[in-house]
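Next up: a single chain in structure tokens, the form predicted on its own.
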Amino acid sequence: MPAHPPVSLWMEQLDQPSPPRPALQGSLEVDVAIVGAGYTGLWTAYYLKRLAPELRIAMLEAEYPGFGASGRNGGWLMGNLLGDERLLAGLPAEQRRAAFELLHGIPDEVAQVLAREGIACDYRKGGVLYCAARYPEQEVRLRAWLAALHREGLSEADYRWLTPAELDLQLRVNAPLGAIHSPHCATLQPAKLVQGLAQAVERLGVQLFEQSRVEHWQPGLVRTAQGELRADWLVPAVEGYAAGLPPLGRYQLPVQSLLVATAPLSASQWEAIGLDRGQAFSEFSRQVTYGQRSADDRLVFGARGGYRFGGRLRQDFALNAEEIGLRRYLFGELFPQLRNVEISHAWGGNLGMARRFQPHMLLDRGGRIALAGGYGGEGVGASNLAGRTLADLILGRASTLTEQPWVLGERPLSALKAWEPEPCRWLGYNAIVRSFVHEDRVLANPHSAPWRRTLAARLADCMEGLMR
């Protein structure tokens, strides 16, 4: 058995997994203690040490770097945040444009770090294709979204409509109706990135302890079964695992996203599909699908998962036949020639969903806590932005990063909007998701009556509105 049993295709592909690091033993005093060695924690440590090399920083990881969402995601490095157009809508035009430029620059910022630190993680900046490819209502929604983006001051250089013929030059789906293309997205191999970041922060002098699950935390102190850290600042970078650090579980709900990967496809199969530049792609339904062509020529495809009563974490990500079947059905609708292809890997992970359905970053000076999270699927890129922002907040540096509307500034944890108590959250979440599933079934059926299509779409619109 390997020292770190793989939890995804990505972790399995690591040529030389890092050897196990020791657990925390005894008592240690540091300037900054970071809980969680995923992207948010690693990026925060990286930028803190780059800006202030004298800082003593230690990271506590319950398992090993990449065990959580950072080693299990779909590998989209996006230059945007969930709901960014809503967040920025009320800003003056010049400030709004600067904020969009900051977001769009995320993939390039990561690329600079990869080059500086020598991290090879199959980075390819081929943009993203949001496709209308399964039913006409997808085109209607996509065009409305594009119009809203352009009203906010974004241009054709940021988001551009592709006709079916133009889409066909990049991605050949079964029934194309058009797509939006944005260049502000890259794809990568997530586990190689998290492993490379962990090694980079260690080279900078950060201490990283594995198998060190935090059992108690309070301002200035975190305890594990074997030891304790005393720190001036605490960064709980735990995302979907927030329930393990009360009261963070009130603010970040653990939901799952589930993925499959095919066996490597042949050159002729890829010739029929496209994606020859590392593009990310999605069919624009509320199933929240996402896909990419991996560096070893697999189709990696994921979609929205579920939520468990009481915020219980899902531990077993051996996907069942129904979970695999839904994802096979969805990509089979796009690529009928792949309906019977071998699926070699299936996995998933827990991510943390904020009640406002948008990321947040804050500094609780009274509690000496710096916090970021609430990513809704864009965490590979958003975590880089969060790490830079938290570093500036901790160091007291006023910057463009700290002035954005997703940064709550110096406020207590209670400034975050809490989730409703059970059973309200379970009933609400599942009612919303079921409305999305119902909409998809009705709209994907070409024989559905017009009134049924309209009713299903309006119900899903209402439920999506309730989410916000």
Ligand SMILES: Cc1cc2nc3c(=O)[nH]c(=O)nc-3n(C[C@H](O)[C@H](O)[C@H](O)COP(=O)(O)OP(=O)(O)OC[C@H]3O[C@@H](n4cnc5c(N)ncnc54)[C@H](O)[C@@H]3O)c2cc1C
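Just so we're clear, the structure is a prediction, and the values are computed from it rather than from any experiment. Throughout, we count residues from 1 along the sequence that is shown.
Omitted from view is the form predicted together with this ligand, to which the following refers.
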query = Does the 4.5 Å heavy atom contact test between Leu363 and this ligand in the predicted complex come out positive?
reply = no
request  = Could you confirm whether Tyr375 comes within 4.5 Å of this ligand in the predicted complex, counting heavy atoms only?
outcome  = yes
request  = Check whether Gln279 has any heavy atom within 4.5 Å of a heavy atom of this ligand in the predicted complex, and answer yes or no.
outcome  = no
Contact test in the predicted complex: Leu416 vs this ligand, heavy atoms, 4.5 Å = no
ask   = At 4.5 angstroms, heavy atoms only, are Tyr46, Arg116 and Ile119 all close to this ligand in the predicted complex?
value = no
request  = Look at the stretches 400-408, 436-444, 50-58, 34-42 and give the one with heavy atoms within 4.5 Å of this ligand in the predicted complex.
outcome  = 34-42
query = Can you pick the one in Ser285, Ser257, Gln189, Thr389 that has a heavy atom within 4.5 Å of this ligand in the predicted complex?
reply = Ser257
ask   = Arg96, Arg356, Arg124, Arg213: which sits within 4.5 Å of this ligand in the predicted complex by any heavy atom?
value = Arg213
query = For the stretch 69-89, which residues lie within 4.5 Å of this ligand in the predicted complex by non-hydrogen atom distance?
reply = Ala69, Ser70, Arg72, Asn73, Gly74, Gly75, Trp76, Met78
